[in-house]
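Quick setup: one chain, the form predicted alone, written in structure tokens, and binding and motion questions come after.
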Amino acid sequence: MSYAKPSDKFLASRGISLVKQLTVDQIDALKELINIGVGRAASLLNEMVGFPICLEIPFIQVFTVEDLQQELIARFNSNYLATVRLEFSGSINGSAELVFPTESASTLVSILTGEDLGSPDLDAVKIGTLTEVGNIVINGVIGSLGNLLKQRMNYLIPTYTEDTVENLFAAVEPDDSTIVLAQASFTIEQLQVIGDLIFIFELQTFDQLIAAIEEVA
């Protein structure tokens, strides 16, 4: 199954006025930090499943809630997605979400568990498997951010949800949050499963994150 990637025109129309909140150097530094965390998460996943899994972060964008919803619907050509959400707090507050089209979520679980697509047994292990995958990936990234930036961060238990894009982000306060979208590409052998890694930072916390990045840059 193929997914529509955002065109340059689409990204420009959605991103230019928002990305200017960050400088190019800040975006590059944040991308590098997230890439380090994703790399560590990939190593942990490789150990868990016993065969190579490659995770990459091709690009990072900053969005409003409304633009994020439109971006996700356009990218995945679907308004119904699967997510694993992990909330974190401390010197940096917010949440991180690993988002998949539901078909990709099922494919990933099938690959990881060996269960056939469409099997009732697949649904039985789906929530637990994807929650563990999300926990490993998100903890790897957030943990790396905290360690590299020397910021203390605590985590809640991750939760798995399938719902419409509007409902998934209905609780986000647009005036108090900054959303960083990092498109994570999972590659397993010749099969590609695409998901998005999304960070939602409280506005004041995001400013602190950027200040910490500038200190270590």
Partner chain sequence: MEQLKQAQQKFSILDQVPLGACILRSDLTILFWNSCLEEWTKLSRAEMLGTCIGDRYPHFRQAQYANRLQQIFQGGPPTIFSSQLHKHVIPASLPQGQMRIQHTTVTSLPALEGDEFYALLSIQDVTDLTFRVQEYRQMRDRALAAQEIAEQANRVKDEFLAIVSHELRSPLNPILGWSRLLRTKQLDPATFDRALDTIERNAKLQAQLIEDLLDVSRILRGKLKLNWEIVDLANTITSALDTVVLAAEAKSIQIELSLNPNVGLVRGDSSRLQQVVWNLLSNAVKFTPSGGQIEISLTEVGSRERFGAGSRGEKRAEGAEGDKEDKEDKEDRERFGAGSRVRELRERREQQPLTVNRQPSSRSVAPASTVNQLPTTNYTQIQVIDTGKGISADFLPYIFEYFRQADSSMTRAYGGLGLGLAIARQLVELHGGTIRAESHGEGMGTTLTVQLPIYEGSRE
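Positions refer to the first chain, counted from 1. What you are looking at is a predicted structure, and each value in this text was computed from that prediction instead of being measured.
Not on display, but discussed next: the form predicted together with its partner chain.
Between the options 182, 30, 153, 42, the residue in contact with its partner chain in the model of the complex by a heavy atom within 4.5 angstroms is 153. Among residues of the shown chain, residue 136 is one whose heavy atoms approach its partner chain to within 4.5 Å in the model of the complex. By the criterion of a heavy atom within 4.5 Å, residue 142 is counted among the residues contacting its partner chain in the model of the complex. Remark: residue 112 counts among the residues lining its partner chain in the model of the complex, judged by a heavy atom distance of 4.5 Å or less.
Its partner chain is not shown here, and in the model of the complex it never comes within 4.5 Å of any heavy atom of residue 90.
Here the marked residues 121, 125 and 157 all reach its partner chain in the model of the complex, each with a heavy atom within 4.5 angstroms.
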